[in-house]
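Let's start with one chain on its own, the form predicted alone, as structure tokens.
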């Protein structure tokens, strides 16, 4: 961030987007859903974002990159806004996200194994004997559409 902004100079939304790495429509969305307080406005009704706003946007962006949902981010921001609180809630939110990530990794591992098995069992002959097609057709027959 620039020295000017660190000293308290507010920036318009385009500059806030550039500095924070959050797109303009997303900044407006975060304001709309209450993750970001409504910023001050110029006489011409243009939003002006402070250094603290940019830090909050960076926090939200990083949390989104880690896959936290909006409600988890809302809770984490609330904790950040009240630093005297215990960090047990933040820990619980992070642990829940870790469980989700580990579950997804397990599902992706199973997907990888199934795809590898299909490919390994493919005789590369005719489609009528293709293990890939056969496996997918069997899944379709035995899946949710059965």
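Numbering follows the first chain given and starts at 1. Note that the coordinates shown come from a computational prediction; the quantities given were computed from them, not determined experimentally.
Unshown form predicted together with the DNA; subsequent notes refer to it.
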>> Using a 4.5 Å heavy atom cut-off, which residue among 64, 55, 97, 117 comes into contact with the DNA in the predicted bound form?
In response: 64
> the DNA in the predicted bound form: within 4.5 Å of a heavy atom of each of 13, 28 and 69?
Replying inline: yes
> What stretch, of 43 to 51, 76 to 84, 89 to 97, 108 to 116, brings heavy atoms to within 4.5 Å of the DNA in the predicted bound form?
Replying inline: 43 to 51
>> I'd like to check something about residue 23: if you look in the predicted bound form, is any of its heavy atoms closer than or equal to 4.5 Å to a heavy atom of the DNA?
In response: yes
